[in-house]
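Form predicted on its own, single chain, as structure tokens, below.
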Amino acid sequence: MNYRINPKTGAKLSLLGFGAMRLPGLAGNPSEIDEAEAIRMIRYAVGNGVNYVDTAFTYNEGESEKIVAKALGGAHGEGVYVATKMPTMRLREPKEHSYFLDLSRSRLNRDCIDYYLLHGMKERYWDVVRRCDTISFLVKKKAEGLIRNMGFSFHGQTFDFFREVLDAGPWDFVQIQLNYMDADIQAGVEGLKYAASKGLAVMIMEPLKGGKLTDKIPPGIQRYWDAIDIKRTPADWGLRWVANFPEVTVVLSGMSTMEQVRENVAILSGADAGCLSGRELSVIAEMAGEYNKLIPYACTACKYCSAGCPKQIDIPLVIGMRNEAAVFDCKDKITYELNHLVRKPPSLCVACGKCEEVCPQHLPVASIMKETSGMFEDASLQWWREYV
């Protein structure tokens, strides 16, 4: 495993970080974690050099934190840094600060959180953070030894807003979304370089865009990979593109299978800054532009939207179908799946706006549900209404 140095502390961190958001689900019930397999995966990663594990207060309603604790119990957790996040989307009053931190510490079975973040910073959450004086709380808890490093993960809309948040506090690290399709989205490459110029560690999330960059490759995209003499898997190219930046400290991957863990460990044991040639970077840039033309909605399947949906629609699934139909030209297939396999169709959407409030990608979810329903739903099939 390759390692990089946290510029703030000098700590040696594995280039691959284990993201505990997409842990494996039990057969027939992906919302329920397969605890035994998740623990096996985390321990395999740690046993092969990964020493940074990222979770959050809200992941699987706290079950992710508990499973991370079990996986890292005893000798398994020696030398492993754990990151978790305060749910700023749930924050209303200053008194909740301690509740969130203390519950995470209890779930993780750790007196001190190595890396503690304000979760998913967006414009509306920033207003609450300032009103509640949350940064002062973090500074105080760091001084008390309950937090070692304070930071924030970012899902705001612009680099200017990212810079505003970054300049507002004595942060130790940041977590931003970055992949070759999103180089200019949210904080982007500009944000990566700005944070690094301030001496902060930078953790990258969504390096494979929630797995979208490793799914079926459209023929129009495959020709770009074919143009490069060296042959690699889509995951290899995606992770190498991020690792190529020397400013990156950790590349987080939300892995759902042992196969993904093994592949990602192998990739980031061999990839490092400068691992891609100028020719390779040029081809990837061209391909990214072509890819972005094909995909109408940049959903990463984080599932924040589904958690609060009053109609229990699997929103990422529906958006994924809409995107898949656009990218892979498979309308008939999507029409069949949506009408015969999806229990809660997009026509049930009541446009309440809850999903749009928490969407990291700022997608017009209600409009997408209406659009997808109009394109693929068969109005004569009403059997699903029995389940509503």
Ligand SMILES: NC(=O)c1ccc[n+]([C@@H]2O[C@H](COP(=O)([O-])OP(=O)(O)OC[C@H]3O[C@@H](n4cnc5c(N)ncnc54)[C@H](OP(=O)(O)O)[C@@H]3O)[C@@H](O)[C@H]2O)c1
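All residue numbers refer to positions in the sequence shown, first residue = 1. This one's a predicted model, so the numbers in the text were calculated from it and none came from an experiment.
There is another form of this protein, the form predicted together with this ligand, and it is not shown here; the text below is about that form.
S.K.: Using a 4.5 Å heavy atom cut-off, indicate which stretch of 316 to 324, 35 to 43, 54 to 62, 350 to 358 touches this ligand in the model of the complex.
M.R.: It is 54 to 62 that comes within 4.5 Å of the partner.
S.K.: Is this ligand in the model of the complex close enough to Ser14, Val50 and Ala271 that every residue in that trio has a heavy atom within 4.5 angstroms of it?
M.R.: Per the other structure, none of Ser14, Val50 and Ala271 touch this ligand.
S.K.: Is there a heavy atom of Leu200 no more than 4.5 Å from a heavy atom of this ligand in the model of the complex?
M.R.: Leu200: no contact with this ligand in the model of the complex.
S.K.: Taking heavy atoms only, is Met205 within 4.5 angstroms of this ligand in the model of the complex?
M.R.: Met205 belongs to the contact set for this ligand.
S.K.: Evaluate Lys333 for contact with this ligand in the model of the complex, applying a 4.5 angstroms cut-off between non-hydrogen atoms, and reply yes or no.
M.R.: Yes, Lys333 sits close enough to this ligand in the model of the complex that at least one of its heavy atoms falls within 4.5 Å.
S.K.: Taking 4.5 angstroms as the cut-off for heavy atoms, does Ser104 touch this ligand in the model of the complex?
M.R.: Output for Ser104 is no: heavy atoms all beyond 4.5 Å of this ligand.
S.K.: Taking this ligand in the model of the complex as the reference, which of Leu252, Cys302, Met181, Met150 has a non-hydrogen atom within 4.5 Å?
M.R.: Filtering the options by heavy-atom distance leaves Leu252.
S.K.: Between Gly191, Gly156, Gly77, Gly210, only one gets a heavy atom within 4.5 angstroms of this ligand in the model of the complex; which residue is that?
M.R.: Of the listed residues, the single hit is Gly210.
S.K.: Can you list, in sequence order, the residues from 99 to 125 that come within 4.5 Å of this ligand in the model of the complex, counting heavy atoms only?
M.R.: If the 4.5 Å heavy-atom criterion is applied to this ligand in the model of the complex, 99 to 125 yields His119, Gly120.
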